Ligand code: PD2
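Before any questions on binding or motion, here is one chain by itself as structure tokens, the form predicted on its own.
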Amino acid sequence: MASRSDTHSDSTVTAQRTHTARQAITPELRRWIIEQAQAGHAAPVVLQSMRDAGWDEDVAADALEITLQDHLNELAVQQGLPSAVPVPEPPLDASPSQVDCGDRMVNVLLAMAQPRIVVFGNLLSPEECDALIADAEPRLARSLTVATKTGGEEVNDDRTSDGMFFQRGETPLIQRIEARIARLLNWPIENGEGLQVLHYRPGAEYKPHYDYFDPAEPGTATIVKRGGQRVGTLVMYLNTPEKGGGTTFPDVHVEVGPQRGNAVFFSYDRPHTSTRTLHGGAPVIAGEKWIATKWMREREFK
């Protein structure tokens, strides 16, 4: 590994030296960043080298993030992975403790970059949670999953819950929540599926799975005609179970505890396991669990 003094003296970085936020991210700089990554230098070390060479910190961070992400996308395509697409993303660049969603301030409790997982607090009020449960309960039926082999729906033994779907904008309550979600995640209302409410009794669970539609399955082409691939998921907790019922992410050993009014968001920029968005609903050990799920699509969902 090159010494810091060797890194600092690199002619490419030195040539870029300036003290304004108008610094250009040139092809030479991109090549240099990729070379540092391939040489095994960690991102914080590369960022510090750029700062020491005279780069504005914000510009350097943006250049590093954009270059490395583009490089990873190029490698993914070379390896035969599907191309990455834009995904919903909450406005967290300034590491805020809260996000203004218009009618409500939502707390940011945890933010993880890879995979992209964000835990929100106070997304729904207690009254909204109760109203969603009350409106959904008379319409509950055994939960189905999308059948990617046929493009239809089917009962899946991995999912032992009851559920129902609201139509998008079906009630004033649904309209208010959907508008809040759209602002929180910077994603159009029309690109969202209808809100689904699920009820888990003791012992009920949803075993680990992915929310995107497997491109290799024959029914996927039919499914994605309605709005493209799924690119993000928001799970909102409508109550707090006595025990169990967390949302698990086995690939990264993370479990989000279900707390009434809170939510967990995660996105996936390509329908591939490399997104590390394998997740599940852990079994309810005591009490019951109510959640509302919003799935986001690439385009308008019709």
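A residue's number is simply how far along the shown sequence it sits, counting from 1. The structure displayed is predicted, hence computed values, not measured ones.
The form predicted together with pyridine-2,4-dicarboxylic acid (PD2) is left out here; the points below concern that form.
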Seminar exercise, completed: The one residue among 187, 206, 166, 213 placing a heavy atom within 4.5 Å of pyridine-2,4-dicarboxylic acid (PD2) in the predicted bound form is 206
Exercise. Would residue 262 count as touching pyridine-2,4-dicarboxylic acid (PD2) in the predicted bound form under a 4.5 Å heavy atom rule?
Worked result: no
For this session: Mark residue 275 yes when one of its heavy atoms lies within 4.5 Å of a heavy atom of pyridine-2,4-dicarboxylic acid (PD2) in the predicted bound form, and no otherwise.
Result: no
Problem set entry | is_contact(residue 235, pyridine-2,4-dicarboxylic acid (PD2)) in the predicted bound form, heavy atom dist at most 4.5 Å | yes
Exercise. Would residue 200 show up as a contact with pyridine-2,4-dicarboxylic acid (PD2) in the predicted bound form if we use heavy atoms at 4.5 Å?
Worked result: yes
For this session: Pull the contact list for 277-302: residues with a heavy atom within 4.5 Å of pyridine-2,4-dicarboxylic acid (PD2) in the predicted bound form, in sequence order.
Result: 279, 280, 281, 289, 291, 293, 295
